[in-house]
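Presented below, as C-alpha cells, is a lone chain in the form predicted on its own.
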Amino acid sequence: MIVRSLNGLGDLLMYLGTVLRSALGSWRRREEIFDKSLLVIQQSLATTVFAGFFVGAIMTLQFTLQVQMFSALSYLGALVTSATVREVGPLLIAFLLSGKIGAFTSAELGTMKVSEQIDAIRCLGSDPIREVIVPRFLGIIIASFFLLSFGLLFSFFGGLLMATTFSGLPWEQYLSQIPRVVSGFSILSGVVKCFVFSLVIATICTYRGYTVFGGAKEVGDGVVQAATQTMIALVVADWFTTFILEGLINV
C-alpha cells in the first residue's frame, strides 16, 4: 500500500509538472481562462460567502466562552480574526470548495475521458493538456484564491456581527485590539495558504478526472477519490505551510 501510494504521488507530481509547463504559454488563452474562472466563481460564491460568514460567527461563539473566564472580552475580535485568517478560515472554506469545485471538475473531465472526447482532441493533433486541462487548472486556481480570500472577508463580518449581538461587545471595542494581534505576517500567512490550497484543489481534481478509465462507474469512483484525496492533501498542506511559515518568522 505504501509503494502504491508513493507511485500515485509520483504520477501526480509528474502530471503537475506537465500542466505547469503547458501553462507557461497559455496566457494567450486568457479569455478562456477568464471564462472558466468566472464559471467557478458563479457556482461557488454563494456557498463561500455563507460558509465564511458562519465560520467567523462560530469562532466568536467559541472564543467568547473562553475569554469571559479571564475577563478579556476586549481581545475577542483580535483572537477571532487571528485564528480565522491564519488557520481555521482558509482550511474550512477550502474543504467546502474542494467538494463543490473538485466534484464538478472531476466529473466533467472524467465524462470527457470515457466518452473519448479527449482522445478525439489528441487525434486531431492537439494536446489535451493544453487545450482542456490548463484552462480549467488556471481557472480553478484564480477562482479558488479569490473565493477563499472573499470567504475570509465575510468571516470577519460574521465574527463582528456575532460579537455585537451575542457577546454584547461594541463594534469599536471588537476592532480595537485587532491591530495589536493580527500582524502583516498573519495576513500573509492566510494569503499563502489560500494560494496553496487553490493549487491543491486544482491539481487533484483535474488529475483524477483526466486519468479516469472505463465508464460511468469509474467516473463516480474518480469523483469520490478526488474529494477524499483533496481533503487529506489540504490537511497535509496546511501543516506544511504552517511549519514553513512559523519557521520563517522564528529565524
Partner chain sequence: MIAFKKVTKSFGARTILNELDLEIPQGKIVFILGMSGTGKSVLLKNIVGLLKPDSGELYVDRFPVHQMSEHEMMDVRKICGMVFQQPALFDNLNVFENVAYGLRRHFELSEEEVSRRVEESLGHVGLKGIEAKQSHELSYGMKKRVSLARTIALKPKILLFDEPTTGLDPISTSRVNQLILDLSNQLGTTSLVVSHDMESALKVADHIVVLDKGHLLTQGTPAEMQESTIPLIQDFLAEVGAP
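Residue numbers count along the first chain shown, from 1. Being a predicted model, the structure only gives us computed values, none of them experimental.
If you look for the form predicted together with the partner chain, you will not find it shown, but the lines that follow are about it.
The partner chain in the predicted complex is approached by residue 121, whose closest heavy atom lies within 4.5 angstroms of it.
Taking the partner from elsewhere, residue 168 is found to have every heavy atom lying beyond 4.5 Å of the partner chain in the predicted complex. Although the partner is absent here, residue 114 is a contact residue: one of its heavy atoms lies within 4.5 angstroms of the partner chain in the predicted complex.
At a distance threshold of 4.5 angstroms between non-hydrogen atoms, residue 126 is in contact with the partner chain in the predicted complex. The partner is not shown here, but in the predicted complex the stretch 130-166 reaches within 4.5 angstroms of the partner chain through a heavy atom at 131 alone.
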